[in-house]
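In the block that follows, a single chain appears as structure tokens, in the form predicted alone.
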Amino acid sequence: MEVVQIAAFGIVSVVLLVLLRQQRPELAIQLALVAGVGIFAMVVPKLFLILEVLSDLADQAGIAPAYANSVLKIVGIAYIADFGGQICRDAGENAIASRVELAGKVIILLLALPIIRGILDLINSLLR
């Protein structure tokens, strides 16, 4: 029941944030950051298990390691960019949040280019 622990941690953090935001708004942002990092830290061990299973599945399917690694990096970047954007939004900086998310999308597209090229090469070889 780890999800119950994570949810409880989140709820307690939110209650503290609401109370703290009234008295010391500058500390509320720091608490929000610490709470977000704490929740992320609780989830990291599960992420490693997921990565291990996905790597095994890619090996069994005969997917080139470069492609599998790129997909895993893309997923990681998506989560990190979203996390960074949400922290910026919590601090009231919507413009910066949008730029963080845009940067994540650009980096994802950059990492996806070799996969797109591989798919196009495969299509070309099938059509010949």
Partner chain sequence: MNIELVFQIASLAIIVSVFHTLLKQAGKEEFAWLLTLVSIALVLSMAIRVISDFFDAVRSMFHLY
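Since we're looking at a predicted model, the values are computed, not measured. Numbering follows the first chain given and starts at 1.
From this point on, the text means the form predicted in complex with its partner chain, which you will not see here.
None of L102, L57, A64, L51 but one reaches within 4.5 angstroms of its partner chain in the predicted complex through a heavy atom, and that residue is L51.
Judged against its partner chain in the predicted complex with a 4.5 angstroms heavy atom cut-off, the residues R24, G38 and N69 are in contact without exception.
In the predicted complex, none of the heavy atoms of A97 sits within 4.5 Å of a heavy atom of its partner chain. Put simply, I115 is far from its partner chain in the predicted complex: not one heavy atom of it is within 4.5 Å.
Put simply, A91 is far from its partner chain in the predicted complex: not one heavy atom of it is within 4.5 Å. Its partner chain in the predicted complex comes within 4.5 Å of no heavy atom belonging to I108.
Residues are counted as partner-facing when one of their heavy atoms sits within 4.5 Å of its partner chain in the predicted complex; in 64 to 97 these are N69, L72, K73, V75, G76, I77, Y79, I80, F83, in sequence order.
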